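Read the single chain below, which is given as structure tokens and is the form predicted alone.
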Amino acid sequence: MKEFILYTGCTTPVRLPAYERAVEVVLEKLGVKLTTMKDANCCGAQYIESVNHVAYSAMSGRILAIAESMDMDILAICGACSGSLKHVKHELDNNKELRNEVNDILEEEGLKYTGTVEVKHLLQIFREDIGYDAIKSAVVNPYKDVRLAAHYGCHVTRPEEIVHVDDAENPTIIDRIIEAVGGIPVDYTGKTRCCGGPLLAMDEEVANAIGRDKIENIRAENADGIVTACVFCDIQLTQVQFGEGSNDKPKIPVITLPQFLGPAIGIDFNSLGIHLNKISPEAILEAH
């Protein structure tokens, strides 16, 4: 059984706990063991990153160093966290001066970054460590005639030369998993565009307009739901369907990839936290 240390980040446990739970039960069923990282801190994505680069690097560097002390590679399930850890690792591996500065800070806790651990996003685990054939073989309750739009998230796939997750301009991992369990992947205009989430702190009106535009593009293709693998994207594409500007159109369920995959491989709804989703995805999950 393959084993990774799970880094949840700040947002997932608080705002999308069902995603964390679904990751744990689905990966266990598919032969991947997870150990939760203890005494973890924020990765510093976006906010600290824009204020103090050394502090940001030390924050993500500390997470990498903790994983090194536990001798395990990291699974990061938040797109922003995955992006931060991969960016900082790339910098620390290629900038000796920054690495020494970060290690001087980490030395106070007896930690040191040496570059021995790998960081993987959830999509990489499905593609590289489990594989599409194994996923297909695990299916006991395939979907039928359900049309699903994949949303990958900017920080998950970009920049491609650093994160190494998927083709940033034509990502396929979620689509291939949808297909492997009997669903129908749907292409739509603006598939690789941002959900608008990162702009919320600067211009909420523009951020939500971007999100609603993506929802309308998906609606135009008659998709039954949206499958995501990014915490912020899931939250954003859900919340823009409520409140000002959302109109009275039927809401499109937004579901995380492990929640979607779970029922197909025999995991019950309760274990996947389906009841916590703001827009019920049960119509999708019962399409068997």
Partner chain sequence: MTDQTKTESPINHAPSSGFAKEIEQEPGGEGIMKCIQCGMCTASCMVASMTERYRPRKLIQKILLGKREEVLTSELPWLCMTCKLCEERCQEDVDLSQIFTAVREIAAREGYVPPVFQNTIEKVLEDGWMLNDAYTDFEEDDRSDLGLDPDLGWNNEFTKKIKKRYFKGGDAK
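Positions refer to the first chain, counted from 1. In this text, all values refer to a predicted model and were calculated from it rather than measured experimentally.
There is another form of the same protein, the form predicted in complex with its partner chain; it is not shown, and what comes next is about it.
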### Task
Just give me the single entry in E118, E216, D129, E109 that has a non-hydrogen atom within 4.5 angstroms of its partner chain in the predicted complex.
E109
### Task
Counting non-hydrogen atoms within 4.5 angstroms of its partner chain in the predicted complex, say which of I252, L30, A40, A65 makes the cut.
A40
### Query
Does the 4.5 Å heavy atom contact test between H155 and its partner chain in the predicted complex come out positive?
yes
### Task
Flag M70 as yes or no: does it have a non-hydrogen atom within 4.5 angstroms of any non-hydrogen atom of its partner chain in the predicted complex?
no
### Query
Wondering, does I267 line up within 4.5 Å of its partner chain in the predicted complex on heavy atoms?
no
### Task
With heavy atoms only and a cut-off of 4.5 Å, decide whether F260 touches its partner chain in the predicted complex.
no
### Query
Want to guess which of 203-211, 132-140, 119-127, 172-180 is within 4.5 Å of its partner chain in the predicted complex, heavy atoms only?
203-211
### Task
Please state whether all three residues L34, G243 and K278 have a non-hydrogen atom within 4.5 angstroms of its partner chain in the predicted complex.
no
### Task
Give, in sequence order, every residue of 37-61 that has a heavy atom within 4.5 Å of its partner chain in the predicted complex, or say none if there are no such residues.
K38, D39, A40, N41, C42, Q46, Y47, I48, E49, S50, V51, N52, H53, V54, A55, A58, M59
